[in-house]
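Shown next as structure tokens: one chain only, the form predicted on its own.
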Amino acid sequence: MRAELVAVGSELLLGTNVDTNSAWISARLAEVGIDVFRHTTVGDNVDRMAEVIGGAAERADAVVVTGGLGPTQDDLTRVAVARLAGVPLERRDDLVDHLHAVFARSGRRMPDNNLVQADLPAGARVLAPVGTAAGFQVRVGDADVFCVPGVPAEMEVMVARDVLPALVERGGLAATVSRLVRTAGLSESGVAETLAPLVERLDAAGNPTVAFLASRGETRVRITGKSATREAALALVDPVVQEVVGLLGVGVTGLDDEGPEHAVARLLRSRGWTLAIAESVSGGNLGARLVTVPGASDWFRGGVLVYATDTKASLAGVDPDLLDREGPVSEATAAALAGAVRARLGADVGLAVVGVAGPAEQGGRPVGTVVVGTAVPDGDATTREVRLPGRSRQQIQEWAASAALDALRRRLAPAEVSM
């Protein structure tokens, strides 16, 4: 079964709002084996809406439209779809009663314009409202068109309760499963090169498939399989996952939702060690990543944000003479910070990250320079430098956190896949 998604709202085109609904719906449709061929966004203009929704209905078996079901003059989805279906709008008394009840419960007077939310295309199947906006299902040509609210909390209930069961009943009888192999410290092109023979073999078979996703210095390999049931799809995907893990070796940080911060957590727990961090260039991104791991309080002591040069001495305890001599962005400073924060917070392991986020060089070091220091029990502090040219300040800050996590992961497990 083929589906298309249409997101309605001029605010989406202006960039003031982001369409997260389509991503969520696509994931749910994939889980029941329905292929989404296209996402389209259209503004609050009834002619353009009718053109876009009508085109989707000609190409697809099902169209899911989000937004445009409110009470204001620019909420025109019901008008556009009624035009496409060739039917008038009709007022539903049960929806009028629902609207009055909602406002009565809140102790507010209902504006008259809310009554338009009770107007649906004649003959449409009503999708019971979660808030004030009812959804509806109507036939346009050979396609089922489902219209649901743009409010995510209302949309998610309606899609799960009404849309998915209707589509499965019509013919979405397969299941699609995706798993991720997550890597750090490897380029997207390098990962693709290593996996090229595997991808070529899978492309010839057609199922499962492999895709590459890169962000903030990490590359994810997505393996997607389709079969009659979820269990059968997993049986196709899981052997490929293990093959990818074997091919990429120590570059693998984890599977599915677990990134390098989870790998660091596993390694620290296995040794019974605690961690303290000192952040400069990453500006808090490193600490924010670490505390997303459940149970982080068992092994994460805390950290200091030492952005200004003098705070590296006053907060972390680095020798001011070393800072004067070596500068704030140097291997010596990163190593000293790692050792100093480890001692200052009473941790077993210290991790520090310094660098130049821009827009200007610092101490002769170019923008995009990042230096990570790690200090572990019974070992000298070590450093690792990476260069991230051509990135924005925000990208450098995010990549710096990833680089720090990967450096620590490799220091704690230099010859094993930390899964």
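None of the values given here were measured: they were computed from a predicted structure. Throughout, rigid core stands for the largest set of C-alpha atoms superposing within 1.5 Å between the two forms. In this text, residue numbers run from 1 along the sequence as written.
The form predicted in complex with a further copy of the same chain is left out here; the points below concern that form.
Novice: Does any part of residue 137 reach within 4.5 Å of a further copy of the same chain in the predicted bound form? Heavy atoms only, please.
Specialist: Outside the cut-off, so no.
Novice: Is residue 270 close to a further copy of the same chain in the predicted bound form, meaning a heavy atom pair under 4.5 Å apart or at it?
Specialist: No, residue 270 is distant from the partner.
Novice: Counting only non-hydrogen atoms and a 4.5 angstroms cut-off, does residue 188 reach a further copy of the same chain in the predicted bound form?
Specialist: Although a further copy of the same chain is absent here, residue 188 would touch it in the predicted bound form, with heavy atoms inside 4.5 Å.
Novice: Is there any non-hydrogen atom of residue 51 lying within 4.5 Å of a further copy of the same chain in the predicted bound form?
Specialist: Because a heavy atom of residue 51 falls inside 4.5 Å of a further copy of the same chain in the predicted bound form, the answer is yes.
Novice: Tell me, which of 249, 239, 302, 123 has a heavy atom within 4.5 angstroms of a further copy of the same chain in the predicted bound form?
Specialist: Looking at the other structure, the residue within range turns out to be 302.
Novice: Which pick from 160, 308, 228, 205 sits with a heavy atom within 4.5 Å of a further copy of the same chain in the predicted bound form?
Specialist: Spelling it out, the residue with a heavy atom inside the cut-off is 308.
Novice: Looking at a further copy of the same chain in the predicted bound form, do all three of 76, 86 and 147 come within 4.5 Å of it through at least one heavy atom?
Specialist: No, the whole trio is out of contact, none within 4.5 Å by any heavy atom.
Novice: Among 273 to 281, 161 to 169, 239 to 247, 321 to 329, which stretch has residues with heavy atoms no more than 4.5 Å from a further copy of the same chain in the predicted bound form?
Specialist: Contact criterion met by 273 to 281 only.
Novice: May I ask you to list the residues of 6 to 24 that have any heavy atom within 4.5 angstroms of a further copy of the same chain in the predicted bound form, in sequence order?
Specialist: 12, 13, 14, 15, 16, 17, 18, 19, 20, 23, in sequence order.
Novice: Is the shift of residue 396 between the shown form and the other one large enough to count as movement, that is, does its C-alpha move by 2 Å or more after the core is superposed?
Specialist: Where the cores coincide, residue 396 still shows a C-alpha shift between the shown form and the other one that is 2 Å or more.
Novice: Core superposed first: is there a CA shift of 2 Å or greater at residue 308 between the shown form and the other one?
Specialist: After core superposition, the C-alpha of residue 308 moves 2 Å or more between the shown form and the other one.
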